[in-house]
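Given as structure tokens, the chain that follows is alone and in the form predicted alone.
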Amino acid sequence: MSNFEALFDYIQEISGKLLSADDKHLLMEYFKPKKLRKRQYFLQEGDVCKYIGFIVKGSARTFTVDEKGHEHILKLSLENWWLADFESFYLLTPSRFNIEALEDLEVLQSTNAQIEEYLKHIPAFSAMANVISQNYTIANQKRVQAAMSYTAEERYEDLISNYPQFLQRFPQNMIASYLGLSPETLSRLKKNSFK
């Protein structure tokens, strides 16, 4: 039940609406707990993303590997974040991304059809989905702008100000990849920020 309490609290907090007992029962009936070990994949490139996952415990990364074998991290995720390749999840197309557990991971996962049912029948879930959609759109727009026009120092400062917990939870090489920097550049930026 505690895994579900985290989900219920999240939905109510983000939506500003209370879940009824029936709403909670429906969510518990269709969201399935799943545990992944560190380095295990939630999704692999080429597979269709059949599930969306709510992180109860642990962290993950969404990344791709280019033709030269270099990894490029699109997203780092922590507790109370959602895991999915949304393009693959909604369009049922093969994913271009891998989603890997970076720590032992506990998620509650659900299918697209089940999500559609929640949206129709659970007002708090629908309101939460609207808020998340807006927040993701804004965050993605900011991330694209940062990648196109921020200096390396500005990207690092933006990360520190918006996601300070990343510095404690993710290794430096992954943070560098997420920021589109070399590990050496990130190391220099960190050194300069402590002066």
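From 1 onward, residues are counted along the sequence shown. This is a predicted model, so every value here is computed, not measured.
We do not show the form predicted in complex with the DNA, though everything after this point is about it.
- In the model of the complex, none of the heavy atoms of G16 sits within 4.5 Å of a heavy atom of the DNA.
- Proximity of N162 to the DNA in the model of the complex: non-hydrogen atoms within 4.5 Å are absent; the residue sits far from the partner.
- Contact annotation for H70: at least one heavy atom lies within 4.5 Å of the DNA in the model of the complex.
- At least one heavy atom of T151 is located within 4.5 Å of the DNA in the model of the complex.
- Contacts between stretch 147 to 180 and the DNA, counted in the model of the complex as any heavy atom lying within 4.5 Å, involve T151, A152, P171, Q172, N173, G180, listed in sequence order.
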